[in-house]
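Here you'll find one protein chain in two forms, each presented separately as structure tokens under the names structure 1 and structure 2.
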Structure 1
Amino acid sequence: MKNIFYILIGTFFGIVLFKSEAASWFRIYEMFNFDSFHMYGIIGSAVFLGLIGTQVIKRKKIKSIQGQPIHIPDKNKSFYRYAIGGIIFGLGWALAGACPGPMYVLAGAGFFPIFIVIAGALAGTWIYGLLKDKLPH
């Protein structure tokens, strides 16, 4: 039952990503050219509502479906890892036209060259694991 629940959430999210065109290379290119409000509207409205909802969850101490307090861990304080890692991510996001969520969407949609991108992402993740201790964080 639980397994089906998670698959269904993912299916819903995947449909939203495809139908919003957030999974389209063209929309990412358009966003970085400031040619349309579309992507800014998607991210902006998601963050705006996410912010309100997350603060309500925290202030009202809303419990999860299992009856546990919802605990959202804070990110570790640092600058370099977020700035450098973020810029590297952004370079790839614009080149491949896809961040991780849309990569899975496009695999399902049948754009097979996306598997080259996914192979690259797995390799990049692995390389990070190998170099982690040598990088400034």
Structure 2
Amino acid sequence: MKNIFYILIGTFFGIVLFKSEAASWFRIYEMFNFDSFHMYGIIGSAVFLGLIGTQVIKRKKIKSIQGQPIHIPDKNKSFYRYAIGGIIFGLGWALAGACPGPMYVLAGAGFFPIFIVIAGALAGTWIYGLLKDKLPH
């Protein structure tokens, strides 16, 4: 039953991404050329709501569905790690025209060339998993 709930939430999220044009290559292209506020508004709204949600969870000590306390560990402060990771992520996003969430939305919408991008993303994740212990963190 729980898995059906997750599938429904994911489907709803995918529809929202598609209808808001967050999965549109044209909108992503506009964003990287600083031609439109559309994507920045969507991303900014997500960051703002995530910030509020995280603060509510921490301050109200909200528990998970299983009744366990939710613990959000503090992040290590490291400029270079986040800068290099962000640049790699941004380059991949700009080249592919989609970040991980919209990649699956585009696949579900019938844009089959995105499967090449998904295969590349999965291969990159697998390679990172192999090299993770050898990389500076």
Partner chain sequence: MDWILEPWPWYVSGPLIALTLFILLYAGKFFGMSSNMRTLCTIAGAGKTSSFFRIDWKDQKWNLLVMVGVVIGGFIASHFLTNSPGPDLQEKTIAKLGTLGITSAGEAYLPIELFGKEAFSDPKIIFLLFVGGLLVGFGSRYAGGCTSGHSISGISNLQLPSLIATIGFFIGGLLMVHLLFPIIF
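In this text the structure is predicted, and so the values were computed from the model without any measurement. Counting starts at 1 with the first residue of structure 1 and goes up one by one along its sequence. If you superpose the two forms and keep the largest set of C-alpha atoms that fall within 1.5 Å, you have the rigid core.
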Checklist entry - Among the two displayed forms of the chain, which is the form predicted alone? => result 2
Item to check | Flag for G110, CA shift 2 Å or larger between structures 1 and 2 after aligning core | outcome: no
Checklist entry - Has the Cα of R81 moved 2 Å or more between structures 1 and 2, judged after a core fit? => result yes
Checklist entry - For L131, is the C-alpha shift between structures 1 and 2 2 Å or more after core superposition? => result yes
